[in-house]
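Before any questions on how it binds or moves, here is one chain, the form predicted alone, in structure tokens.
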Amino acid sequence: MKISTKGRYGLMLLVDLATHEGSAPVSLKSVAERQSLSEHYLEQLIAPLRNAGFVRSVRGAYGGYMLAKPKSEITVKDVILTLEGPLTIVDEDVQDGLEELWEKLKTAILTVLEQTTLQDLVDMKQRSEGGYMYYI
């Protein structure tokens, strides 16, 4: 299983919003500059994140994006499944006698993702010296 740039950058975007949350919305341009990401790519990611209820937009000259709910209520699992779709360990049609192993592995991964929130990622970022974690 490999999480694509959609999942990784989506998490980076949300962690940045969570880290810089306050009274003012955060522009995608400022996130792109801080994270060295393409603003155009972030624009493609923000729509599914908004539709899933993770962020809300604020219009106007000082507009941008804010988290729509507390960072402690947004799980990594929800974000990854929103951006990546269903988690697969092996192709569904694989019949190798190890289906039970693959299902246990999938369950373990989903459990870790479910138990990890944006708040946890913000805390990890603050503890790390190198900035954002680019992998989970």
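Remember, predicted model here, so these are calculated numbers, not experimental data. From 1 onward, residues are counted along the sequence shown. Just so we're on the same page, rigid core means the largest C-alpha set that superposes within 1.5 Å between forms.
Separately, the form predicted in complex with the DNA exists; it is not shown, and the next lines address it.
> Can you check 106-114, 74-82, 53-61, 92-100 and let me know which stretch has heavy atoms within 4.5 Å of the DNA in the predicted complex?
That would be stretch 53-61.
> Within a 4.5 Å heavy atom cut-off, is K69 in contact with the DNA in the predicted complex?
No, K69 is distant from the partner.
> Is V26 one of the residues lying within 4.5 Å of the DNA in the predicted complex, judged by heavy atom distances?
The answer is yes: V26 has a heavy atom within 4.5 Å of the DNA.
> Can any non-hydrogen atom of Q44 be found within 4.5 angstroms of the DNA in the predicted complex?
Contact with the DNA, yes.
> Indicate whether T88 is a 4.5 Å heavy atom neighbour of the DNA in the predicted complex.
Because no heavy atom of T88 falls inside 4.5 Å of the DNA in the predicted complex, the answer is no.
> At a 2 Å cut-off on C-alpha positions, does V90 qualify as shifted between the shown form and the other one after fitting the rigid core?
After core superposition, the displacement of the V90 C-alpha between the shown form and the other one reaches the 2 Å mark, so yes.
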